[in-house]
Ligand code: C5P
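One chain comes next, on its own, written as structure tokens: the form predicted alone.
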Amino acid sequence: MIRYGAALLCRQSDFLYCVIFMDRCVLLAPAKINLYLEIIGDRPDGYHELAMVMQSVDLCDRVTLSRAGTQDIRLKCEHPLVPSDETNLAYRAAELMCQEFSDAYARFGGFKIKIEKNIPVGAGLAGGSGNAAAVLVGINMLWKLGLTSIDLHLLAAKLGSDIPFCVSGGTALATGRGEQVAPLKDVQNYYAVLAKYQSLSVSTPWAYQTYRKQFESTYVREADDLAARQSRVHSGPMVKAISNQRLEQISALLYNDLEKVVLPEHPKVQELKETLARSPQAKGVMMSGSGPTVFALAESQSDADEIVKAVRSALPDDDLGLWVAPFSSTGIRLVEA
């Protein structure tokens, strides 16, 4: 058992759930990077069939969830680009839980959600997805629902493709449209240097639609072929490199299909990637998700700091944000109750 303040928590099926009443909790939602992103083909639901290796990094938003005392859902975030209505994934996560568990909603009422943003917005780092995952986990605690990680993954998949991974985090293989998550051996003791121009964003739907227009002829069509391609990723070089815990091997195998459309459209992202790659301490460089964040992998905090210095010297732009984030083996985690 694990005690957080006045709340006593028990571990069930690798997830924490609350067994004693509490009315407020604070959770950290880490960012993610894509070590591997392959677009395999189209799906009947209009999404793409994907194979991704995802990694949590310890750059976290802070999500506070408390009882509202009414049936309302109220969301507050001081970041000007974060909406406070139903277009926010965290708001929609609260709505989903109220619909799915109507008896608990009738008994306990709605929520106040406060999001402190540390993850850059529109960055390809799953910041919004992580906030939604934190709301699912927090309501599970506040309402004493006793949901397992599998239960939460199923709920998360109804909201968005990255949210199931954000619930559990760590190192994982994600297939389907990204909602089918299989944990891998955690990659630990490495660092990511994240770089993003603050004023630059890339639309995820645009990136996938553009990729479809340009590369649809390469898509796998038959179900058996889709399964075979997914199977090859499961047993492929990247998964083996992660099993061996060798950063050199992982770095050499970094891959992201979406770079093929994003980098030509955004020369500053291409330049940023090339600048990071010139640092001797950078073991590998790749764009995360649909971008525009680019990350470099490093073996130590000091190496990561040297990469930051080199990039600052080469690209002295106040609009360029740089963050050093160690790899994390966890997803949503409770820090206060």
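This structure is a prediction, so every number in the text was calculated from the model and none was measured. From 1 onward, residues are counted along the sequence shown.
Unshown form predicted in complex with cytidine-5'-monophosphate; subsequent notes refer to it.
Student: Any chance all of Tyr190, Phe327 and Ser329 sit within 4.5 Å of cytidine-5'-monophosphate in the model of the complex, going by non-hydrogen atoms?
Tutor: Heavy-atom distance to cytidine-5'-monophosphate in the model of the complex: none of the three under 4.5 Å.
Student: What is the one choice in Leu27, Leu50, Met287, Leu276 with a heavy atom within 4.5 Å of cytidine-5'-monophosphate in the model of the complex?
Tutor: Comparing distances to cytidine-5'-monophosphate in the model of the complex, the residue within 4.5 Å is Leu50.
Student: Identify which of Ser251, Ser161, Thr171, Asn88 has a heavy atom within 4.5 Å of cytidine-5'-monophosphate in the model of the complex; exactly one of them does.
Tutor: None of the other options qualify; the answer is Ser161.
Student: Which one of these stretches, 41 to 49, 278 to 286, 64 to 72, 303 to 311, sits within 4.5 Å of cytidine-5'-monophosphate in the model of the complex when only heavy atoms are counted?
Tutor: Checking each option against the 4.5 Å cut-off leaves 41 to 49.
Student: Is Thr204 near cytidine-5'-monophosphate? Define near as a heavy atom within 4.5 Å, in the model of the complex.
Tutor: Output for Thr204 is yes: heavy atoms within 4.5 Å of cytidine-5'-monophosphate.
Student: So, Tyr208 and cytidine-5'-monophosphate: in the model of the complex, are they within 4.5 Å at any heavy atom pair?
Tutor: Output for Tyr208 is yes: heavy atoms within 4.5 Å of cytidine-5'-monophosphate.
Student: Evaluate Lys117 for contact with cytidine-5'-monophosphate in the model of the complex, applying a 4.5 angstroms cut-off between non-hydrogen atoms, and reply yes or no.
Tutor: Judged by the heavy-atom cut-off of 4.5 Å, Lys117 is well away from cytidine-5'-monophosphate in the model of the complex.
Student: Find out whether any non-hydrogen atom of Arg246 is located within 4.5 angstroms of cytidine-5'-monophosphate in the model of the complex, and reply yes or no.
Tutor: Close contact is absent here: in the model of the complex, Arg246 is far from cytidine-5'-monophosphate, nothing within 4.5 Å, heavy atoms only.
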